[in-house]
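This document starts with one chain, in the form predicted on its own, laid out as C-alpha cells.
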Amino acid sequence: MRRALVRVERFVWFALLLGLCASPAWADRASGTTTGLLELRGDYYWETSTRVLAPSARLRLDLPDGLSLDGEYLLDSVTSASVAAGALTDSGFTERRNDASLGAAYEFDLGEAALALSLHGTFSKEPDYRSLSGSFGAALSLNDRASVLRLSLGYLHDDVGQVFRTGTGARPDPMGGVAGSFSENLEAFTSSAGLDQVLTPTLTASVSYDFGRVSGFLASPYRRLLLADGTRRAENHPDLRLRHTVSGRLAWYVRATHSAIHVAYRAYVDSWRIAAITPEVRLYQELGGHRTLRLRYRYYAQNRASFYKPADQYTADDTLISVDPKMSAFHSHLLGLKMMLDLSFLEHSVLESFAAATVDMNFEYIWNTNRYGDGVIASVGLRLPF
C-alpha cells in the first residue's frame, strides 16, 4: 500500500509494462496520419513533515487504424523525517520512486455504436516497496456518443519491505530484526461500472459504482505504538478490506457567461466501518484572451475505523492496533485556483509549433483536522498535441 506521507529517499529502477490505456483516443482514420499528445507535468505537495516533488511525462500516439498507444513515466521524490516511514533520527531524508506504465486501446465501429477496449499496466519500485498492476477497460458509446457505458477491472500486487534510515543512510531494524528480513505482500482486485449521459446540449451527467477487495499486509511496516506498560507494539490492521464507492457528477455550461459549473458527490463505505462523503464544486470561467480560470472547493469527512483508538487508550489485550491518522475521524476543506492558457496566439510567430499547446498552473490549500495538518498542492503542466 502506498504510504502517502513518507519521509524516505528512494532510488528505484524504471520498468515498463505493455497494456492498454484507460482512456481511448479517437484518431482520425480517414486522414491516414498519426496524431498524438505530449504532456509534461510537475507536481508539488507540502505538509509540516513531508515534501513531495513529482515530475512526469506522458506520450500518446493515435494511429490511423484506430489503435492508440500510451506511455507515462513519473519520478516521485519524497523528503521526510517520519518514524512512520522508517526514519531513526529527526533529520530528513529523500526517497525516490520510479513509476512507469504502458498501454494501448482500440475502438471498434459497430455502425450506430462504438466499442472501445483498453488495457493498461504499471510497474513501480522503491527501496522498500514494489508494485505491479494491470487493468482492462471497455466503453460502449450509443446514441451518437450521447450515452457511454463504462466497465473496468483491475488487479494489483505489492511487495512490502523495510528500510530504516538515518540522515546518513540505511540501518538494520532497531527492534532487533535482521536487515531485509521483513517481507510482506498485498493484492487488490477492483471493478468499476459507470454511465456518462448527455442530457441537453449544455448539461451532462455521470454516475459510477466502484468495488475493491484488498487483502494481505494492510498496515505500515514502520509504525509502532508504545503502550502504558512500556512494551512496544507494531501496527496491526485487519488483513481484508472491502471498499464500496458511489459517485455522481453534473456539468452545466452557461452560454450567456461563457462559464461552466461542475457539481460532484462521492459516498464511500468499507468493511472497516469507515464511511466518508466528498461533495465538490468547480467553476470554470472563460476570461478571454486565451485564458480559462477554474475555482474548486471540496469537503471531505469520515468517521473512524472500528478498531481505531487514541494512542493512549490501547492496551496489551488489543489485537488490532492502528497509529495511522487516516484511520481516525477527521474532515478537511480544499480550496483551489487553476489558470489554463491557450497558446494559439503564437500562431504565425517563430514559436508557431507551440500554437496548439496549453499551459496550466494550479494551486490548492488543504485544511486538515487529523495529525497530518494543513497542506499545499501545486502543479504546472504543458499539453502539446501533434
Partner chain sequence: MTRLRLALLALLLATGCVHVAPYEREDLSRSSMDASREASEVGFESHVHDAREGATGGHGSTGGGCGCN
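Positions refer to the first chain, counted from 1. Values in this document were obtained by computation on a predicted structure and should not be read as measured data.
The same protein has a further form, the form predicted together with its partner chain, not shown here; the description that follows concerns it.
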*Specify the contacting stretch among 154-162, 101-109, 306-314, 226-234, defined as having any heavy atom within 4.5 Å of its partner chain in the model of the complex.*
154-162
*asked:* Would you classify residue 287 as touching its partner chain in the model of the complex, given a 4.5 Å non-hydrogen atom cut-off?
replied: no
*Decide whether residue 184 counts as a contact residue for its partner chain in the model of the complex under a heavy atom distance cut-off of 4.5 Å.*
no
*in the model of the complex, does residue 255 have a heavy atom within 4.5 Å of its partner chain?*
yes
*asked:* So in the model of the complex, is its partner chain close enough to residue 369 to count as touching (4.5 Å, heavy atoms)?
replied: no
*Which one, 63, 346, 334, 339, lies within 4.5 Å of its partner chain in the model of the complex by heavy atoms?*
334
_Stretch 36-60: residues contacting its partner chain in the model of the complex, 4.5 Å heavy atom cut-off_ = 39, 41, 43, 44, 45, 47, 50, 52, 54, 58
